[in-house]
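Provided below as structure tokens are two forms of one protein chain, presented individually as structure 1 and structure 2.
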Structure 1
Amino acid sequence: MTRSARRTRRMLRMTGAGAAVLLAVSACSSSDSDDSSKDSSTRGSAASDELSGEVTVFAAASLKESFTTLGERFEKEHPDTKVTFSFGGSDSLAASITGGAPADVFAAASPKTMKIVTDKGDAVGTPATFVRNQLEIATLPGNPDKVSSLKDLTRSGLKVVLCDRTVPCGAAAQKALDAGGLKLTPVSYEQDVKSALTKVVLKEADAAVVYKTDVRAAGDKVEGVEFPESAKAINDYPIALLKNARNAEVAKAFIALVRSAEGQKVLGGAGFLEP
């Protein structure tokens, strides 16, 4: 082979190697660009899924302990959110909502009080029952008056407190009394179940008809007495997204937590029954 031919072959080999390097660099660059694009897209998608902002929940007084726990968990899972609660009698909360009070979620202690809101068109979709609750008699610690039945509450001289009949716990108590054919005149009617229980805790009453969940939440401050008529007056608790919700996405996520297995575990631990 002549010197000229050898020089030509060597130049071709060098040109081929250079082209291969360029192709490799180009491929890497393209791959990096694609990966970068994917990463950017993924980050953008994750960012768009992040929940933020405040959500206001109107909830029955009997939900205070369990919903407070769920609110704290929600904020921990979604650090850019804040859950604000307004607890009270379901009828009063429903009236506030239909009157224009700003709220995103309503959790009522009965379908009847939820209907006040749905009839006005202030809820989105069909409310979902997420738990149920049963009545129990709360007495002073140690049950000094030896209350063992609903009938015992009709004894002369016993100071008994009931929720107002317009409130779900009061309507349920009246239903239980009717089921037992009993008549009872309380020393006072309270506007929500917590207020009724507080009368016993403060020893201003000897007994009150409240929910099992409230007796459990009070711990050793009261003693609970079960009665069979309560099975005739179990309340369903519905929850709904409100039409004028200012933060619908966060509200939906909170409702999802309440209805999830995690939410049901917290509610069940508080003494609520499965829906």
Structure 2
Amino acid sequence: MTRSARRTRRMLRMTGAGAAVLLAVSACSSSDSDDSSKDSSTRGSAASDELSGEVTVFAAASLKESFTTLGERFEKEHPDTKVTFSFGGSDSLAASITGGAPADVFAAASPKTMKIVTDKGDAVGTPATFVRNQLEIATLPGNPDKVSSLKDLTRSGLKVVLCDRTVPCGAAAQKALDAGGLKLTPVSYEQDVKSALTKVVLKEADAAVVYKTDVRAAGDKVEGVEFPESAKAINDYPIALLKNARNAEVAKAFIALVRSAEGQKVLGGAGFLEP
């Protein structure tokens, strides 16, 4: 299934409170995408002569699909460059960077994890928020438990998994629950968002509170349910050039691509919101 087809289907499925927000977002991204094609082609031809070398990007796991796509495009536009990715939990990536891992760019899933790097003085300049991610409820395909709100998750007998409060998606989920004045006892606090989603994919849990991007990446293995409290717990994704970058020029160009309209289009396709 192509990405656009999946998006259309998902948009058809959108109902209820979250629909208004989503429609606004998708309207934005589609209008942006029109400019981006022009933009990238001009920029690409200009830069291809100057840029060469390797660039290493440390990025949050949730960025894997979209960043991989962007990396391929970047290499196509600048044939002499090579983009290497290391995807993982933002916290462990931050720990690696402060521990001296050779990286040029860091894209984190939360300002808090980026702060670990900036506090140690390992970043250059102020990190920029390049996308935002919103929570969604992932339910079993067909939503057999008829989950339609965050409150529904507090029903007894329903097995819900959350991310642990120490990781960004768990902190965000807690914020959303607090905003709704809800108290939820999950069966498990998972160590990262992918584990939480996996529990639903494997039908071990009935629902999980994860990111919109994760629901989208899981395809038809789960079904997403929007909830209004998620607006109170939107996660900012900051990106920064690192102090020890060996190839700052290429790194800057990659960050520019991520923040460009073209980059935003790809990220939007994965379910991210514009900053």
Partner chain sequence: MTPLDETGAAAGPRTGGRRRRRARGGAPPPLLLPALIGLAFLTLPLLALLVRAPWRSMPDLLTSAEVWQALQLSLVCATAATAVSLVIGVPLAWLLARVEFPGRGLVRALVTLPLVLPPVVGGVALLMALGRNGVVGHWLDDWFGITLPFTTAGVVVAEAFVAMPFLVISVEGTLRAADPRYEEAATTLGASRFTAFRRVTLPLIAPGIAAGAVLAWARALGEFGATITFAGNFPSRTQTMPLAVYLALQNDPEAAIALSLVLLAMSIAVLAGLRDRWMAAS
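Every residue number counts along structure 1's sequence, beginning with 1. Only the largest set of C-alpha atoms that superpose within 1.5 Å between the two forms is called the rigid core. Just so you know, these numbers come straight off a predicted model, no measurement behind them.
For the form predicted together with its partner chain, the corresponding chain is the one labelled structure 2. Between-form comparison between structure 1 and structure 2 treats the chain as two rigid units and finds the smaller unit turned 13° relative to the larger, from C-alpha superpositions. Superposed on the core, the two forms differ at residue 156, whose C-alpha moves 3.7 Å between structure 1 and structure 2.
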